[in-house]
Structure formats: structure tokens, C-alpha cells
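Before any questions on how it binds or moves, here is one chain, the form predicted on its own, in C-alpha cells.
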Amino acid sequence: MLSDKFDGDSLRRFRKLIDGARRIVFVCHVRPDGDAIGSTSGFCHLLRSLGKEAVVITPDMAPRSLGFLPDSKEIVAYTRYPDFAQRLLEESDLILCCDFNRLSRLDSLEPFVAKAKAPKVLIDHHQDPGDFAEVRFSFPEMSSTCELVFRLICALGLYPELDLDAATCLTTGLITDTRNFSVNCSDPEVYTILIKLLEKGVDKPRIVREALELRSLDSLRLQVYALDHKMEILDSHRAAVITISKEELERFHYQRGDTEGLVNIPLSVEGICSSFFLREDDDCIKVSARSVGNFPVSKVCADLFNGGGHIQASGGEFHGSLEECREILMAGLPAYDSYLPPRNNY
């Protein structure tokens, strides 16, 4: 049941690539989240148990909230170890591309993956995948890439080889991408997958606390400040907008991951259907968006910020000032009012 989603020829080609490879590299998108780290690390653990030399390379550092994951210190961040990451890619026999749909999502790691001679396999659940992989497993209807990886593991007959460390990583991606099974989880099989992972001994309460709940004092103060001083409620569009400048981030000693989950909080306000968080980074304005009631924040991000993602969880980037980004969003939101559900019906 869990493994009947895949084309037989693709599975055979994938298994042949795995069997024929000794050095396998996993890559994921820039600013990796729980699903990116969970899917790459989980599959990486499994392949290591099969005797493969497997390693995870990320474009930049993972958030500290994921530091509890098994062997997280073995992940190679390109921004910290560029020469080592390039050498691993050059010497690889197979590159598994997890949780991104286009090579541009690799940021500065893109050219090195693109020119690598090793065959590439795409494993992803985002819309509109690019044509850069020899084998492609693209399933936007799935809750997470971790769900997809688990299904692939079952389809390859490798579930018995899945150990606690790998299962913990995959469960983390499931939990973070579904907001602890509150969105993107209408398929009953998602819960079957959770059960099969729990059977490996996974400590779900610990994952929820570590990945979703724990934060530093500075992070908590930043969150309170953002909600109290920087959140705007646009009642006519049933939207919330939070903007945070680089100076404000520095004031609260910002570290990667400190604003994780902030964009979700305004959705708890009665009547709010969409939430947008605009954060000033070094080279762009990072846009994060979440919604309820099937309001298509993916379309908003694609149209306004050259982004995309899922209907209820999306993002994009803007190259300009924070205020310019905010003005574009404010001016553009009225065009999407027709997607708003009737009040009290979301």
C-alpha cells in the first residue's frame, strides 16, 4: 500500500544506481528546514547501514533547533567547508537531490552540483520540478519529502534495514512539514507511516519539543517583539504581515532558526486566513507565507516574489528594500481576495 505510488521502471533504475554507487552525496535546499534535513539524513543513515559512503551537503547551516538529530554534526555545510563540499561532489558516484524542485534552490552550491558528473535523482514534493535529474520522484500531493523517502524505502524493500536514527530523522520532517499533523495530512496513509516509524522506537514527544517548541531566550524575545510591535492585521484581506529588519534581528542576537514558526502564529487569530513574514537578510528580503482554508499563498509568492511552494506553505525572495517588499505585498493582496473562503468557513 505504501509503496504502490511509483513507476516500476523508475524504481528499477533507482535501485541500479544505488547498487552501483559507492560514494553517495545528498543535497537539499538553501536554509534547510526539518524536512530537508530529515529526508537527507534519514536516507543517508540507511545507505550507510548498507555499506555506502554517504554524506549530506547543505548549501548553508541548518537551524540549531535540528541539532538534536543523530549525526547532525557530520552534515557538511558548503558555507563552512566549500572546498571539502566541492571535492565530495566531484568524487561522488550518485547525487540524491531531496526537498527542492530546481537547482537554483541550492544557492551558491548550484554550479557544483550542476557540473558534477555523477547521475542525479530528484526526490521532492514541491510543484513544477526542473528537468535536471536522470530519475525523478516528484509528488507534490505528499505531505513532505520525508513521507516520499519513507515510501521509496518501502518500495525498495529496505524497511527492515531502517534503524532508530534514520526513523528519527524521517519523523522529524513529517512533524515539521505538517505542523505536528495539523496541515497537509489529509491522506490517512500519512498516519500509517507515522505508526511504522514509531515502531522503530522513535520518541515523538521529544521531536515535537526539540524541533517545534524549544527556543533561546533571545529568540523568544524576538518573537514577542515581532508580534507586539511589527505585526499588521489587514482585516479586509484577512491577512497578517510581519516585517523584521536586519537591525532588529541584530538587536535580538539573531541566529539561524530563531524566527522558525513565527509566520504560523498569526493564523491562530480568529478570522485570519493568511500570514506573511518578511525578513531582511544580507542579500535579499526573505518572504515566508502560510495560510488556512486553501488560500493559495503559493500563488501570491509565485506572482509577487518569484517563489512558490505549497498552497498553504510557501515562500520567495525580493531583491530590494524591506519597505519596497512590504509595499508590493500590500498592493498585490487585493487581487487574491476572490480566493478567500466565506467567513467562519475555514
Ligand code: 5GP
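As the structure is a prediction and not an experimental result, all values here were calculated from the model. For every residue, the number given is its place in the sequence shown, counted from 1.
Beyond what is shown, the protein has a form predicted together with guanosine-5'-monophosphate (5GP); the following relates to that form.
E317 belongs to the set of residues with a heavy atom inside 4.5 Å of guanosine-5'-monophosphate (5GP) in the predicted complex. Interface residue remark: S288 is counted as part of the site for guanosine-5'-monophosphate (5GP) in the predicted complex, having a heavy atom within 4.5 Å. In the predicted complex, guanosine-5'-monophosphate (5GP) stays beyond 4.5 Å of every heavy atom belonging to H45.
The closest non-hydrogen atom of A313 lies within 4.5 Å of guanosine-5'-monophosphate (5GP) in the predicted complex. With the partner omitted here, the residue from R105, R151, R238, R136 that has a non-hydrogen atom within 4.5 angstroms of guanosine-5'-monophosphate (5GP) in the predicted complex is R105. Screening 303 to 311, 52 to 60, 66 to 74, 37 to 45 for residues having heavy atoms within 4.5 Å of guanosine-5'-monophosphate (5GP) in the predicted complex returns a single hit, 303 to 311. Contacts between 114 to 139 and guanosine-5'-monophosphate (5GP), taken as any heavy atom within 4.5 Å in the predicted complex, involve only H126.
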